[in-house]
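A single chain comes next, written as structure tokens; it is the form predicted alone.
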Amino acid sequence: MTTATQIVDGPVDSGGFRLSQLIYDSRYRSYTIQVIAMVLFMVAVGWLVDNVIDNFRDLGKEFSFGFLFQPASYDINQTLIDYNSQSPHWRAAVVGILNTLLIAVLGCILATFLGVAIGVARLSKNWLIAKLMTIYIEGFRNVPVLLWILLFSTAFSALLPSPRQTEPMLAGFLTATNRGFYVPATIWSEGAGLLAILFLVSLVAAWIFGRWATARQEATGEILPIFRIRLAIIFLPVLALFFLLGSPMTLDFPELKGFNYQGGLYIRSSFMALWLALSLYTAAFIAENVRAGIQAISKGQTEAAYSLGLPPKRTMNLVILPQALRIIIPPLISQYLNLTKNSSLAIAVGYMDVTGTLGGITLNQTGKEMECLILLMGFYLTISLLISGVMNLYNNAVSLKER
């Protein structure tokens, strides 16, 4: 009778734990190296910080963040929260952060929709559509994004008419002037909160229905009109409650009074230039990611779907794109990060993001360049890690599950 002998990389533990095992035992060696590397890194960081503080002291400066609680003494042209020139610097920084996040979120949404549509259209069998999409992609990808931002800003200022020469478009829902853009503003009255809650509940219900319909399709093969049913779930209850409560939400349309429009919601040209330029620029890169992901899927998948009687649109939505996502998502994360960081170019057109507030006016007024830059870098690092984390979770959800 033979006995199996277990072979272990490293010495066999025969008498309890010994300190020498931290080096010679492969079970502990990797942890030892990581701990040593972390300690050395922290010592290096501590030495650098201590050196910076000493140098600041020699220059007569104090390394502190107390300036954040001093009055900012400057105005910001676009704010999402209450702010005035007597507000502290930390509130000015928050205003800039919110402006940055607004551009980043809206830019990522628009760039994703455009990028997917353009990437699919570039593979169209229609020669004209495919070539036009190629021209768009190559044109935007090979010109620096700063030039596109300046071009859009200049075009809005030079080509759009003055307010007195402008006629509202889209049934009064958009007014474009060389001073900015005007859209109707929402006026909430009694019962509007209940309407908003119902809308959120309807969104959750539509999401749950989509999950159920997808699982049912996978189990039975029966395809439901998911998009139309989702729209009905979202809007029909809201519309019913809207009329039942007697229109708790109205729209305030902008009107021309004197030399400018009054009322409504005013959108600055700098915001529109930055948003469109970043979105269109990033969409060109996303389109190439989508094209590469689709072309990486075997043509046999398309032929098999056609042989089952699926039309081209359903083949793309149900067969090709779901498989291509595992190839598209990783580079898509990089494009979202690039768009967020490229928003720091907003200062070129006067849009006050966090770089313009904390890294611009606050830095120049207080002379706290090191503190401001550390906070600025910390913000961009945090938001980049959050985007990467969320998108990696989604990537894991859509990736192929191996048995």
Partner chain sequence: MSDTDSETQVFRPDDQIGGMSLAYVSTQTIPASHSPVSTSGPIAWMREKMFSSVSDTIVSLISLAVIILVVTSLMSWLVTNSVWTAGSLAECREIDTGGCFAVIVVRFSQFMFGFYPSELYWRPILAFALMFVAAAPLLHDTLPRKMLFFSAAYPLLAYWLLWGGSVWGIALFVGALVLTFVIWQLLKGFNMAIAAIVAGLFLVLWFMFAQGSVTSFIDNTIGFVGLESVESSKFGGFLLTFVIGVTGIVASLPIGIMLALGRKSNLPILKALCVGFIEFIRGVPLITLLFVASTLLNYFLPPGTSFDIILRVLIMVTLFASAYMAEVIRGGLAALPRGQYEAADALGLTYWQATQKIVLPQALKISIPGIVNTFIGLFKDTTLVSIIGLLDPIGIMQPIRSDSNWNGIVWELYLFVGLIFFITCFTMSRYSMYFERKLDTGHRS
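Quick caveat: nothing in here was measured; it's all calculated off a predicted structure. Numbering follows the first chain given and starts at 1. Take the two forms, superpose them, and find the largest set of C-alpha atoms that agree within 1.5 Å; that set is the rigid core.
The discussion below concerns the form predicted in complex with its partner chain, not included here.
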Interface residue in the predicted bound form among L132, L80, M249, L231, criterion: non-hydrogen atom within 4.5 angstroms of its partner chain: L132
Heavy atom within 4.5 Å of its partner chain in the predicted bound form - the one residue of L318, L151, L256, L174 that qualifies: L151
Listed range touching its partner chain, judged in the predicted bound form by heavy atoms within 4.5 Å, from 109-117, 310-318, 292-300, 152-160: 152-160
Partner proximity in the predicted bound form: Q21 to its partner chain, non-hydrogen atom cutoff 4.5 Å: no
Contact of Q34 with its partner chain in the predicted bound form (heavy atom, 4.5 Å): yes
Partner proximity in the predicted bound form: G139 to its partner chain, non-hydrogen atom cutoff 4.5 Å: yes
Close approach of L224 to its partner chain in the predicted bound form, 4.5 Å, heavy atom: no
Contact check for F199, L239 and I327 against its partner chain in the predicted bound form, heavy atom at 4.5 Å: no
Contacts with its partner chain in the predicted bound form - residues in 343-359 whose heavy atoms fall within 4.5 Å: S344, L345, I347, A348, T355, G359
Threshold 2 Å Cα movement between the shown form and the other one at Q70, rigid core reference: no
Exceeds or equals 2 Å, Cα of V52 between the shown form and the other one, core fit: yes
CA of R27, rigid core aligned, shift of 2 Å or more between the shown form and the other one: yes
